[in-house]
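Given next, in structure tokens, is a single chain: the form predicted alone.
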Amino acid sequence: MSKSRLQPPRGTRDFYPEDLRRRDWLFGHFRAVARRFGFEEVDAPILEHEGLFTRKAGEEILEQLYRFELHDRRLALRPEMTPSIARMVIARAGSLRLPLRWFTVTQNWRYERMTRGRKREHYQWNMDIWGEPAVTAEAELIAAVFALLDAVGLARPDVRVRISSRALLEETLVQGTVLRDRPEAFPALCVAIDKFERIGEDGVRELLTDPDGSVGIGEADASFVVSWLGLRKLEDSAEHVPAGSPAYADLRRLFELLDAYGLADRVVFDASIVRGLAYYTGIVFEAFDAARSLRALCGGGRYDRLLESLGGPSIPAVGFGFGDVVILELLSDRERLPECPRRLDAVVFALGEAERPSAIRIATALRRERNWSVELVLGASRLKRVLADADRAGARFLYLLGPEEAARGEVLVRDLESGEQTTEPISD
């Protein structure tokens, strides 16, 4: 077998025991925070009908699908979780009690260009609220993001959540001048300006003015859009939006609520945040490390018309996705990654084969009656090697059974932290 065959496909990962312990540590925090906020966990197949993800034409995600045909069915590995959750909500829309607070921790697949913090296979924590139209839902979700960041040990200044609004941008461009006569081009414009961080002002301007592109606006209008992306104070956007703008009022209210959560110093307005997926309809947000050295840790927003686009009822919704790759990179940069050593309660070792049946009974009793994690030494080994392995595995006790102990009906118990030794009757 070639060396390349011994490696996982590019953009995917093997998880050895030490890696999986660290992943479980992170997932444990995902689940603990979600439950503290009153959310319930759900799940869905990693394999979905391709059509669930191809209704939103013009998005990069369509080019990133792992898709195939099997028995005349077009299938795909899920690139994101939100459409699957939307499908589940539609299936029981008449019987669900709203608002729903659901969360997931799932594996997702996108065939995309890899950079630091970006892989083709990743795990993602999603939290979604269905059935609440007010920005109280956005505030609760952003608070959950910061609860997670605090739980994993990041300092308050390490991460900022940047907030904007698709609705505010739409009011400015569609009800204003840039797209007044071509409102249907707005989703394509959002896809273009979502690339702002990667391709810069000139690249966005080129996409917007391309006569063969999906937007095709003039140089002056493109310059206005680019200047809009540079706004960093909500008040500066007021002069461009219609009087009594609902989108502007929602943003003002959201920042007030986040102040009540004690998060005012951790959130900022950033007009360049638009999110690349076409289904977003209102407030959008992304979390970045303060130095912007990595891609977004998480992103989300409001998607009130997603169910309708999939043939379901009109139910307002908001949610976010938080990937595992970028947060682990950031924790590593900040030297905050935990060691996550292996932990055993006990190791049971029989010095000879004559004592093995008794050792088996001891290990079985410890596992069943004390609910301990117990490693039974299976083969012949020297005591020095057993002690070294037990220490490396983080074992608390060593249960040692030799001929003399077995003759007395006892087992020698060594506390590997204190070094103290005692005996216990095998019958106990």
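These figures come from a predicted structure and were not determined experimentally. Don't overthink the numbering: it's just position in the shown sequence, from 1.
FYI, the form predicted together with a small molecule isn't displayed, but the following is about it.
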Which of 328 to 336, 259 to 267, 223 to 231, 301 to 309 sits within 4.5 Å of the small molecule in the predicted complex, heavy atom basis: 301 to 309
160, 162 and 248 each touching the small molecule in the predicted complex (heavy atom, 4.5 Å): no
In the predicted complex, which of the listed residues (210, 150, 112, 236) lies with a heavy atom within 4.5 Å of the small molecule? 112
Among 101, 275, 87, 205, which has any heavy atom within 4.5 Å of the small molecule in the predicted complex? 275
Heavy atoms within 4.5 Å of the small molecule in the predicted complex: does residue 119 have any? yes
Residue 170 versus the small molecule, in the predicted complex: is there a non-hydrogen atom within 4.5 Å? no
Taking any heavy atom pair closer than or equal to 4.5 Å as contact, tell me whether residue 128 reaches the small molecule in the predicted complex. yes
Partner proximity in the predicted complex: residue 297 to the small molecule, non-hydrogen atom cutoff 4.5 Å: yes
